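Form predicted alone, single chain, as structure tokens, below.
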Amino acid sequence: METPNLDYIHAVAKGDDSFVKEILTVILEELPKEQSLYCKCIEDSNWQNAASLVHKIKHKFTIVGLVQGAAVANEHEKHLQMNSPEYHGQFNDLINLVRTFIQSYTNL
């Protein structure tokens, strides 16, 4: 499994540490809510809404350097649009990986 990193965020921030912290804080605030909604959609077999949430969340994977994770999210989104939650476990694990990484990095 890939390891999250801050390379992309640091490149965008161009040395502005407050910007890095702000981005990480926003992700950490949004991700648990989005994960909860996503899991509820999966429970309810609401595949289209789950796919929309995957689309929104996958960009956060890219921000923390999970290129392969974003590819898994793309596949998951496509499968959900065909009413198949085949990648649910992998996707949920990726969300948890991002959350743990940001929490350990920021101590938020």
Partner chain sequence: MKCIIIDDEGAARLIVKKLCEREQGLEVVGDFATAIEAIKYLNKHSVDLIFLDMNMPMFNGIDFVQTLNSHIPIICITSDKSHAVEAFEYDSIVGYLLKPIDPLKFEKAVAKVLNAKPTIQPQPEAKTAEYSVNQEVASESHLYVNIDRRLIKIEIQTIYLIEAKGDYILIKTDEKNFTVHSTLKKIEVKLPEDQFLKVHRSYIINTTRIVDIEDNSVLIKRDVIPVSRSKKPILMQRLNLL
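Positions refer to the first chain, counted from 1. Treat the numbers as computed from the prediction; the structure is a model and nothing was measured.
Keep in mind that the form predicted together with its partner chain is missing from the display, and what follows is about it.
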In the predicted complex, does each residue in the set Ala13, Lys60 and Ile63 place a non-hydrogen atom within 4.5 angstroms of its partner chain?
yes
Tell me, yes or no, whether Val26 is in contact with its partner chain in the predicted complex, where a contact means a heavy atom of each within 4.5 Å.
yes
Taking any heavy atom pair closer than or equal to 4.5 Å as contact, tell me whether Glu30 reaches its partner chain in the predicted complex.
yes
If we define contact as a non-hydrogen atom of the residue within 4.5 angstroms of the partner, is Asp93 a contact of its partner chain in the predicted complex?
no
In the predicted complex, does Lys40 come within 4.5 Å of its partner chain, counting heavy atoms only?
no
